[in-house]
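First comes one chain, alone, set out as C-alpha cells in the form predicted alone.
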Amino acid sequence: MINKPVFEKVAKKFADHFGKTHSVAAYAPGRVEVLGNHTDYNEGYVLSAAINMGTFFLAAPSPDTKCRLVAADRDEEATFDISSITPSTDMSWANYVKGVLSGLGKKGEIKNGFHGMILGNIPLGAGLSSSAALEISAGLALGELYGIRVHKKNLAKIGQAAEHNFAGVKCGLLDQISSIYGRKNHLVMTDFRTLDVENVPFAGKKAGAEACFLMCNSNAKHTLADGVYNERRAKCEEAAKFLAGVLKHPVKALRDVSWEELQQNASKMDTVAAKRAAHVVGECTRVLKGKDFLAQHKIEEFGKLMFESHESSINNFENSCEELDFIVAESRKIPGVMGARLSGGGFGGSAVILINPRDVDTATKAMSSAYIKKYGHACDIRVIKPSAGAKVL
C-alpha cells in the first residue's frame, strides 16, 4: 500500500537537495511477524505479513564515483566512494545501504556513484523491520539504476548480508522475505530451510471469519545490535548440536526436533539452551497448526496460538519486556481480542493483537487508557493490514 503523500514529499526533497529529479524509485514495506518467533535462523517456519507502512528509496546517477546518501527524516547526508565501501560509526543508518550496494557489486558492475534519498513512515525501533524495508527498497532502486537484475530470494540474502556484515546483527531472512513476498490480504508462509514461500489467505469476510491486526508500539527500547540477539542464536545452535549427538536421525537445526524429542532430552542439556530450544521447537509447531487453522477459518484458535507464543517468549526465550507483557495481558481483558504476542526480535518494540474489526475503536481506547495509567505516556496503536510486497515504482 503506497503512501502517496510520503512519496511526493521525498520526491520534492530529492529535487530540492540535489537540484535534479530522481531517475529511479522503489518502495518496500515493513513486516509484522504473526507466528514463528526466532525460527527463521533455525531453519523453521514463519507466518508473517508485509504491512501498510514502508520506505521509499529514490536515486539518480552521480557524475563520478562518489555516493551521496540522504536520510530525509534526519536531514543527514552520508558520503562515500564506491571504491571503499566500509561500515560507518557515526551514521549507522547508512550501513544498511552500504551493505546492499556491496552485495549488488558482487552481482554486476558498478562504475559510478549515486545520489540517493530515503524516507519512510515505519516507526523506528518498533519491531516492524524498518531496516529490512530500507535494505530492500535500496536494493530494488540501485539494482534498477545499475541494471543489475537479482532474483527476489537473492535480494533478500543481500539484505541479510548487509545486516550481518555492516550492521552487526546475525539476523535470519524473515524480514527481507516478508517485505519482498507480501500480498494484499494474505500472510506470508515461509519455510526457512528450503526458502519456499506461500501466500496464505488471511481472515476476512470472504474467508468467513473477520479479523485484523493492531500494532501496539510500547516505545520501549528495541535494539538488537548489542549482543542479545546473537546470544540467543548461539544458544539455539548449541542446543541443535547437542540434540544432533543424541537423536537417532539427522539434526541440522532445531527445526528437525519434535516437541516430544526435546522434552525427553531437555534435562540432559544446558538449562538455558534447553529453554531457548523449547521456544523455537514450540514456535515451529504453532506455525504449522496456525496455517491449518486459517485454512479452516478457525480464527479464534489461531489467536490462542498467539497467546501461547507470547508465554513462550516470556518463559523460554526471555525476549519480552515489562511493557510488552503488559500490553498482552491487558489485551486479554478487551472484548473482541482473539490473540496477542510480541512481534519481531523482542526486548522492546511492538505487540501484535488479533482482533475483530468491529472492536478496533473500543480496544484502542481501552489499551491507550490502561497504558497511560501504567506508564504515564501513550503507546502508539495502528491498524495493520497485510499488504503487497516491495516493488520498483
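Here the structure is a predicted model, which is why all the values come from computation and not from measurement. Each residue number is its position in the shown sequence, starting from 1.
Form predicted together with a small molecule: not shown, discussed below.
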query: Which of 327 to 335, 22 to 30, 38 to 46, 55 to 63 lines the interface with the small molecule in the predicted complex (heavy atom within 4.5 Å); finding: 38 to 46
query: In the predicted complex, the residue from Tyr181, Tyr96, Tyr229, Phe80 that sits within 4.5 Å of the small molecule by heavy atoms; finding: Tyr229
query: The single option of Gly143, Gly303, Gly113, Gly172 touching the small molecule in the predicted complex, heavy atom within 4.5 Å; finding: Gly172
query: Any non-hydrogen atom of Gly349 within 4.5 angstroms of the small molecule in the predicted complex; finding: no
query: Gly344 within 4.5 Å of the small molecule in the predicted complex, heavy atoms; finding: yes
